[in-house]
Each structure stands twice: as structure tokens, then as C-alpha cells.
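Consider the single chain below, provided in C-alpha cells and representing the form predicted alone.
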Amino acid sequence: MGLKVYGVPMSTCTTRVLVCLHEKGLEFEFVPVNFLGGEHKQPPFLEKNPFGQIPVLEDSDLTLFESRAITGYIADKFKDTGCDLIRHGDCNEAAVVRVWVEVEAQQYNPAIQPIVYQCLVAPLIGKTSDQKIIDESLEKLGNVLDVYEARLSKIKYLAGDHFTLADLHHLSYTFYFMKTPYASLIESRPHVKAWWEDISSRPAFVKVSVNMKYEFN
């Protein structure tokens, strides 16, 4: 049995995994989950992820959840295939990659996620966007992006001269953020803007982003 991914094409966490698989040039089976129908909360899916969240990766008898853990597994197991997303050949470079993977998870994501939710998701599910949450998150995100701007003025990618998981993990939420009224936070910082235009034009992400549409039918 080969690689199998359970998820939703527009999900930020699912697409994080899909981009990683495409960067590695790996074949896999994608299994859509009926998220609106609550399939992820039913016993068969809960056997795969007891927290009832997507995505899930199956690799033969191994089952994994949590998208960043999955991308790390893929990058490690298939290190000699496609793009080296962790820089396995140099322990110092690999350590820097892991630092900036943590920065994305602990600094960037908590700031950008509420903005995307309030601007794009809330209206689709009949909720009113909370401008107070948006404004507070914009301030936090701006501070993070100031750090990114300074770093990217010296190097091409967040962890050095090569595209890695540190960059890849930013793709999904930034893609949706750029569809909000606040895209200027990226566009007004020239080095961040150049970095974003670079990583978002990679073939793996272009292929996945075709299906990244917040549409609930």
C-alpha cells in the first residue's frame, strides 16, 4: 500500500502536506473527507486521528496526523527524492531549518490564522467578522513580518539559500491572507514580497493552489 492522504483540498493543513508530497515528486492517493458532513468526527476517521482533524497520512501500516509532523516525516523518509526540504547534508543548516519551522508554528501562524478566519471563513458560515480580533492580529503579524523583512534582506529563504520546510509551511495561510484586504502587509515589505512571489510560484504549490478555494457547497 502506498501513500494515502485524507483531507480537504482547500484546507490549509491538508495543502501543506500536499505541497510537500509534490515537492518530493511522490505518488499518492488523495481521499476527500466530507468535512461539512462531519465525517472527520465519525468512529472510522477517529480511529485514524482521535482528535477528529485533517489531514491524516497513511504509509503502509503507519498512520500520522498533524500536518507539520507529516511534512517532517516525508522530508526525512524521502530525503534523497526531490527537493531536500531539511538540508540533511549539513547538521547546522538542518538545525536552522527546524528553528524557522518553529517560528512559523509559534509566531507566524498564530498571528495570520485569525485574520484569514475572520475575513474569509466567518462570512461563509454565517458569522460576522470580528474587527477587534483582526486588528490585534494584524499588529502581531506586522511585528513578525518586520523580523522576516530584516532576515530576508540578507538571505533568499528563511533558513538560508535554499527552499525548505521553513518556507513551505508558510504557503497555505499566506495564500489565503493575500486574498484579504490586508495583503499590503506583505506587499509593503520588499524582501518579504519577493520571497512570497518566489515560493508561491513553485510548481508544486501552483498545482495545489488551483483547488484552494473557500467555497462551501
Partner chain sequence: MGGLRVHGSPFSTATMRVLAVFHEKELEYDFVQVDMKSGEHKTDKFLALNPFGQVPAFEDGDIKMFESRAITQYLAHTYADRGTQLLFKEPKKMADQSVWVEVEAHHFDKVASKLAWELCLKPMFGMKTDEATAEELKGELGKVLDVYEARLSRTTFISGDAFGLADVHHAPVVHYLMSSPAKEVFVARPHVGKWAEYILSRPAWARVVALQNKE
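On a predicted model such as this, the values are computed, not experimentally measured, just so you know. Residue numbers count along the first chain shown, from 1.
What comes next is about the form predicted in complex with its partner chain, which is not displayed.
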Q) Should residue 105 be counted as a contact of its partner chain in the model of the complex, where contact means heavy atoms within 4.5 Å? A) yes
Q. Does residue 124 reach its partner chain in the model of the complex, with heavy atoms at most 4.5 Å apart?
A. no
**Q.** Interface membership of residue 31, its partner chain in the model of the complex, 4.5 Å heavy atom rule
**A.** no
Q: May I ask you to state whether residue 156 is within 4.5 Å of its partner chain in the model of the complex, using heavy atom distances?
A: no
Q.
Quick check on this chain: which one of 66, 58, 39, 187 has a heavy atom within 4.5 Å of its partner chain in the model of the complex?
A. 66
Q) Which single stretch, out of 160-168, 179-187, 46-54, 22-30, brings residue heavy atoms within 4.5 Å of its partner chain in the model of the complex? A) 46-54
Q | Candidate spot 133, 192 and 205, all three touching its partner chain in the model of the complex (heavy atom, 4.5 Å) | A | no
Q) in the model of the complex, which residues of 88-111 put a heavy atom within 4.5 Å of its partner chain? A) 91, 92, 95, 98, 99, 100, 102, 103, 105, 106, 107
